[in-house]
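The chain below stands alone and is given as structure tokens, in the form predicted on its own.
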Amino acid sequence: MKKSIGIDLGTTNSAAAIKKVRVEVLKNAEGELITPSCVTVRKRLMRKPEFIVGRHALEWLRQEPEQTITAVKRLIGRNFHDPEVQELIASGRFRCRLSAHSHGSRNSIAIQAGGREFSPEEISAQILVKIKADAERVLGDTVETAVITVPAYFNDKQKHATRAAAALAGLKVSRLLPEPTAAAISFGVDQVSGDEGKTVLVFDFGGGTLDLSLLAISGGQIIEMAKGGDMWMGGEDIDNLLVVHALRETAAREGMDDVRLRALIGRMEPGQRSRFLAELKLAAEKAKIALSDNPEVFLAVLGLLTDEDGDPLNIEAEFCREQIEELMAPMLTAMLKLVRSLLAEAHFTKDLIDHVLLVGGSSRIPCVADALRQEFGAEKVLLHERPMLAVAEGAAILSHRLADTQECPACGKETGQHEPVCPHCGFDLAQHTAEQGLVDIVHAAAHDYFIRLENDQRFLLIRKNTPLPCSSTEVFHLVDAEQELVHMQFYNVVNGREESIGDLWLGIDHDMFSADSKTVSPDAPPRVAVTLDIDESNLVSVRAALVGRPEVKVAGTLSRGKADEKLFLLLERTISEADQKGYSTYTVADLLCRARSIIRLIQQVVDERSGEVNESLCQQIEEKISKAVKIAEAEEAPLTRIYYAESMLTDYGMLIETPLQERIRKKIERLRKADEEGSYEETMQAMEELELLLEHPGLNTAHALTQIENACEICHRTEPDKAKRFMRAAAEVLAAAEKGEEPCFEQLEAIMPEVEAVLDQHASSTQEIHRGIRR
């Protein structure tokens, strides 16, 4: 039977667990309950790179630090230009080189290792591959699905990237579970039974993040009432405090200032510097862990750093608990501020909290628990018995609950998940689940969700802490009734700062509007209904549709910094440049038609489940955008020319001899094929051939009538009397032609100068490309 497990995918360490009759944390291939979240990428000649994960990768950290990746969770769903990422690079704490991804936008990030670039999702996937393989070895069966935990304060891009990492690892994600909620599940199953109700503040202080969740636990139900925290506050930052202090201590002992010491480190060969910083980081982490159980520890990194004369400069420092408490004082103040802000946001006071549950490896630091005891009272603060395993245990319990089948606690045989009574032995499964297991979780939105409108206005779609799943639909006006593109930008607000969660582009083909549509007035300006959905995993999806135009289907997926967003930004730049250059109406019409087609292609570039990029399609789209730029700069409009020729054949084909019609159709198809598949030069050649044929004398009357019809459309709203006069003249000429009479050329000659003036003025006018929305 295929298994479902719970996975704590941590910044520093990861773990997996499964619930059968009881919860079991699964040992890895090294016989340990915890797997370091560490990946070494080894380059292999003419072959795919080799990945070493876990304990063995930590050993490679000393030998190949620049190829070994730790704390990748801090980068997942992030972008290269984030201030925190730039600070991480500047401090030298991340040994591998970071850059924007070559196939992504500036909102992407890539890790350079093993001679290649990897997304954080790809590296995280390798950790999950090992966890999955180790679990399958222990269980003797295939692991197909998992509940994977994420920080409660992860934004949509980070959660989406985590799901993509799981897909790359061959795992189906049944739920992304906030880590504090997972810890509360583990705690609640043991501590809260029956209808007893508790309000629990979970304080999850791990390797990379501080997560806070205010939960109500009662009768097997957990309700998320509020979330908070800091995604850049964790054990990694404490390690850095110890590193900085150790360097200062060494500099003071050697009679030099910090600047000189850091200059010595900066002059080291890149490989030596990376190895030195890796050793220093490992020594600091080891000292931090030891300080939880010992009053004093000693940190030393010997023989790797030298002074200007080449003499050894050993890094040595002694720490006591008082010193680390002093170093952590600003961090502890920030933690308490976040806790108080969370309670105020939820309209709670400290006396309403029954328990403060501490989980995560960094919560074992004595001064952390002491600060919370002073804030809430010693009797309320509980350190989870298994702080490093609680999250994996909670994930396993939920994974068991979400699975299709379960094992009967009485007879051990497989039964349906929702069977009230075991069909094999008659055991009361429903009562057992209510008394001993998890019945339900009511999740809540982690952040406020906004959409950006025209003139840089913001509109709140979903408020933070709204119960999940939830959906919000709002109707917006297009900036211009005739606009053919809509660009929508969506944001989270995290600790008062906007963070993009992706853009959505839509193309609107007004020619697709059904003439017999009865749902709206023909003259009613189009409106777009935008729906934002958030599921139980806090994952966002967006839908959009034109109000009252069900025959016009518009939909898309959010871009999240990958190749699709890079292409969208390239398209946006092309359109913005067209606005600045003031192209003619027909050139803009041609560009808009190309943009709609390109948007549909871009939405197919990234696999929504795994995040994998279709490189071939990317290249095709880049070529199409480049071609669109060249055509616009040349002030040409091949697609408009195709539309004109097809309209003439459709409306006035009866005036054109059949052989000539066939020649025109062949030229149209040649131009269409050249435009879709050929180069810019091939397209221009095919367009010239069509234009030359359209000068055939046998098309004079059809030409004139098509031009009159176009002029009518232009004058319809602004000069209706002129439009009626044009249409009467065209009707008389057409009626005569249909009767087999000679066309009244005098009448055409009288009206055509006025028609041509209208068309010339329209062709020479410029057009702004609107793509915004407003309330």
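Start at 1 and count along the sequence shown; that's the residue number. This is a predicted model, so every value here is computed, not measured. Under this definition, the rigid core comprises the largest set of C-alpha atoms superposing within 1.5 Å between the forms.
The same protein also has a form predicted together with a small molecule, omitted here; what follows describes it.
Asker: Might Ser362 be said to contact the small molecule in the predicted complex, defining contact as any heavy atom within 4.5 Å?
Answerer: Judged by the heavy-atom cut-off of 4.5 Å, Ser362 is in contact with the small molecule in the predicted complex.
Asker: Using a 4.5 angstroms cut-off on non-hydrogen atoms, would Leu398 count as touching the small molecule in the predicted complex?
Answerer: Leu398: no contact with the small molecule in the predicted complex.
Asker: Hey, in the predicted complex, is Thr11 touching the small molecule, heavy atoms inside 4.5 Å?
Answerer: Yes - in the predicted complex, heavy atoms of Thr11 and the small molecule come within 4.5 Å of each other.
Asker: So in the predicted complex, does any heavy atom of Pro638 sit within 4.5 Å of the small molecule?
Answerer: Because no heavy atom of Pro638 falls inside 4.5 Å of the small molecule in the predicted complex, the answer is no.
Asker: Please identify the residue among Gly77, Gly235, Pro151, Gly229 with any heavy atom within 4.5 Å of the small molecule in the predicted complex.
Answerer: Checking each option against the small molecule in the predicted complex, the one that comes within 4.5 Å is Gly235.
Asker: Here the chain is shown alone; which of Leu264, Ile289, Leu660, Leu453 has a heavy atom within 4.5 Å of the small molecule in the predicted complex?
Answerer: Answer to the contact question: Ile289.
Asker: Tell me which stretch of 207 to 215, 412 to 420, 618 to 626, 689 to 697 has a heavy atom within 4.5 angstroms of the small molecule in the predicted complex.
Answerer: Comparing against the small molecule in the predicted complex, the contact stretch is 207 to 215.
Asker: Given a core-based superposition, decide whether the C-alpha of Asn294 shifts by 2 Å or more between the shown form and the other one.
Answerer: After core superposition, the C-alpha of Asn294 moves 2 Å or more between the shown form and the other one.
Asker: After the core is overlaid between the shown form and the other one, has the C-alpha of Arg364 moved by 2 angstroms or more?
Answerer: Yes, because once the rigid core is superposed, the C-alpha of Arg364 moves 2 Å or more between the shown form and the other one.
Asker: Core-aligned, is the CA shift for Asn240 between the shown form and the other one 2 angstroms or more?
Answerer: Shift at Asn240: 2 Å or more after core fit.
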